[in-house]
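Form predicted alone, single chain, as structure tokens, below.
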Amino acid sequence: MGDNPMLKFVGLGQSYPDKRAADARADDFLEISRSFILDKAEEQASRCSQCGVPYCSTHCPLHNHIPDWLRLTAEGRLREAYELSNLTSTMPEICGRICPQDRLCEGNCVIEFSGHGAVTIGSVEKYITDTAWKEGWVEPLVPGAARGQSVGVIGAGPAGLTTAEYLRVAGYEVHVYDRHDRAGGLLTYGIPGFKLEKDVVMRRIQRLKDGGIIFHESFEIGRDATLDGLRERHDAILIATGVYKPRDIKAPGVGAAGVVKALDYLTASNKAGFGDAVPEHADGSLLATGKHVVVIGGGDTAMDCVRTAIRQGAKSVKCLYRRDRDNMPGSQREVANAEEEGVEFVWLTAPIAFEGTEHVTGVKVTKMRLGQPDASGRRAPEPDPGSEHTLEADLVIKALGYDPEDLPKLFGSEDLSVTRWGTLRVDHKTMMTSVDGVFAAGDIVRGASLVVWAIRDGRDVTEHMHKYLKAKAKTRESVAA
């Protein structure tokens, strides 16, 4: 191949950064893998085949220029690789850590199809941007020339933060409102540190604050201001609240003490990680230490809960899922990590009741079997008669996914139109809601989804808001004239 630094996949095997030993990592909330060293990052990037149709890019919601920055990495041109990755993503080091690459870029890598194992794209992306932060290549956010218009962003998660950044660069005054005491949304309080250490999120947010974006934390729309009140303050509004209403289980005893919601549990753990006083840890209600823990669900939130419980020193941790391993929605890598750390998966099992009077003592379950495919194409689980039994439990965590909150009522704005699923209805050509000048992006439009899709939506809505604001300014000028 001459001097070509690429196409090394035939003679060079796939390799990920080494994971720390399971018993060591189960004692803390640090990320389980460190970054590549330089030589390893260059080596793994050199496996890229530079194919004519880069399926990795087309299956990335952000359409990152993956083959190009892999080649730059293989050539040792890391700063250029970072600048290219930064063109399409506001948070490349975060996506490198938490994107399900096995379902997106890496899962669609051409050399994966050929049986040689995908390029380890996510790990290289993480390495590039971590190096950029360390070397000082991540430039400050520099606002554009002031336009005399302001924007209010409701929700400081990935969609809201992305839009806030781009609009600030375009010269708008940007205010971000969030109900939590720290910005970041689920990046801060939903995802555990062993997947995403919090200083990684906080340095991104600090960069936005340093760039003049004004954050209003512990600010709740409907309590501290109505949507109409914010509309009077700003020239345009973005709603990017995500979906936070947990799905529940209809079963006897579900209201018993010790049966808790996943997000409450994860938020308490993350707050403790920041050093905050957490009353629910002090009284033990959201702490797994010394308990038999049962987590119900098969998505990534359930994986976060079981692995957090291990780190809190649970006596035992079981994960119940009503389908089998092949049909679970969560990442298979996360399942493997959890199993290494001591989690027991109880497949084809569903809860039918929660036992205990003053406090939960067990989960009554039934075995399931997979029947005919349902409307989604997945085989529907059916109870297996006569298989009922009880699992001991002192703490039960419900991790069944999230739905939208009652937004028109919550925001004091009955004019906001919603879909039959409760998500905000938008004109998909403009991403504007039924209320003039109020846009929406991220999970509150598409339903519970991935961080990378929220970033994509935040990027897309910026263009529509910019166009709207320019037209509004032009109208104002013509009226004044």
Ligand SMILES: Cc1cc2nc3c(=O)[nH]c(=O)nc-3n(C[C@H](O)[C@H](O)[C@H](O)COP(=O)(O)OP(=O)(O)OC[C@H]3O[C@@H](n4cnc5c(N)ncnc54)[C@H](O)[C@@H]3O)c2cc1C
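Sequential numbering from 1, following the sequence displayed. From a predicted model like this one, the values you see are computed outputs, not experimental measurements.
Another form exists, predicted in complex with the ligand; not displayed. Remarks below refer to it.
Comparing 249-257, 197-205, 276-284, 148-156 against the ligand in the predicted bound form, the single stretch with non-hydrogen atoms within 4.5 angstroms of it is 148-156.
The ligand in the predicted bound form is not approached by Ser85, whose heavy atoms all lie more than 4.5 angstroms from it. Contact check for Asp264: every heavy atom lies farther than 4.5 Å from the ligand in the predicted bound form. Of the heavy atoms in Leu450, some are within 4.5 Å of the ligand in the predicted bound form. Put simply, Glu220 is close to the ligand in the predicted bound form: some heavy atom of it is within 4.5 Å. Contact with the ligand in the predicted bound form, judged by any heavy atom within 4.5 Å, is made by just one of Thr349, Gln312, Thr301, Ser89: Thr301. Contact with the ligand in the predicted bound form, defined as a heavy atom within 4.5 Å, holds for exactly one of Ala132, Leu72, Ile98, Ile237, namely Ile98. Contact check for His180, Ile191 and Tyr402: all three have a heavy atom within 4.5 Å of the ligand in the predicted bound form. Residues Ala240, Thr241, Gly242, Tyr244 are the members of 232-249 with a non-hydrogen atom no more than 4.5 angstroms from the ligand in the predicted bound form.
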